[in-house]
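For reference, the chain that follows is the form predicted alone, supplied as structure tokens.
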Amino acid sequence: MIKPDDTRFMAAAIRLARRNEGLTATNPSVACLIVRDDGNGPFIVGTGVTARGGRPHAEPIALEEAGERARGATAYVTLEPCAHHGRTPPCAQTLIDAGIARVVSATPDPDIRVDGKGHAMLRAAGIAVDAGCMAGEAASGLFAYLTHKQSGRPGVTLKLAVSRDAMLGRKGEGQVAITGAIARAQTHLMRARHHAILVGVGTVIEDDPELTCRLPGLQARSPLRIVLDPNGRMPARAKLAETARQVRTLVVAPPGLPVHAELVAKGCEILACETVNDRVALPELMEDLGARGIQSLMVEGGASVAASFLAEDLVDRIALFQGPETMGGQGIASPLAPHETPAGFALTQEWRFGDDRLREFARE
């Protein structure tokens, strides 16, 4: 039975789990709190979040910090503890061995090696298990991992910045600042939390973007950069190509295009793809990226690519920024209007950053 204090501690665990989003490889960023009550109220004796690279998991980190104080305590975990043996024992067994008396978990793990087995191991050892505490909130942070486990493809966040009249920019003017510095910093933070970021080659030719995280202290968290290039138009002098040895760059294209030899020489990787009507076959690409272990993908442009992902029903989250200015008749129309809720999505959060606005949507 979920108690009032359970929600408070689980909310803290969910916040902690965000610390290593995008850094834990094929494992999700999970958090664990060890909480005990010696008669004067509950207090935290151990905290853990999945380490960079995915190991160790959150539970053994929190238990090591708690030490003997874990015996008889409660563990709050944002994802069902794993139940399978690998290089280390399963986290469920680690909790049992530490003498934990109760486990409160947020969301079940759909991995076929877990999927209820973790909770079953704990109960079989006499540990009280209360599952489903703040399940929706935890699943929101874990949506990319959950999507990947359930469908085999990455969880996709579509990010758009539109003007007040629903334009993405002006034709022939390259990058046009639609939002202010605070909102743009939020975009860089989003990049740091994803495994990969994707644009079409048209955006590369028009804007010559860097697609890196340029927030102080987070530069090393720039994700893999992916360019859709079905016709071999990727410029070898683009910033993405020139910096490919510093930040991984993947060019998605049909095999055998001679123009890509120069890109490879500069450090780009070519991913062979299928095409339909001279466009990259997106469902097949998503399967390929999922097979590579890419669980979270941020789609950042442009209008044609965004519309294609929406048309293929491959978007799970939408981050729709809106600036205060209008673009007028030379503007490039956005596939989404700033004041409307896209069909099949629900508004989850709204933010204000100075004169700019961010509306976040999730698939219903």
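Keep in mind it's a predicted model, so treat the numbers as computed, not measured. Each residue number is its position in the shown sequence, starting from 1.
Unshown form predicted together with a small molecule; subsequent notes refer to it.
Contact with the small molecule in the predicted bound form, defined as a heavy atom within 4.5 Å, holds for exactly one of E137, D111, D288, D207, namely D111.
Of the listed positions (G126, G217, G86, G256), a single one reaches within 4.5 angstroms of the small molecule by any non-hydrogen atom in the predicted bound form, namely G86.
In the predicted bound form, no heavy atom of P42 sits within 4.5 Å of the small molecule. Taking the partner from the other structure, the small molecule in the predicted bound form has no heavy atom within 4.5 Å of any heavy atom of L198. At a distance threshold of 4.5 angstroms between non-hydrogen atoms, L282 is out of contact with the small molecule in the predicted bound form. Taking non-hydrogen atoms only, A58 approaches the small molecule to within 4.5 angstroms in the predicted bound form. Figure note: of the listed segments 242-250, 75-83, 256-264, 219-227, the one touching the small molecule in the predicted bound form, with heavy atoms no more than 4.5 Å away, is 75-83. When contacts are defined as a non-hydrogen atom within 4.5 Å, all of N27, V30 and K149 contact the small molecule in the predicted bound form.
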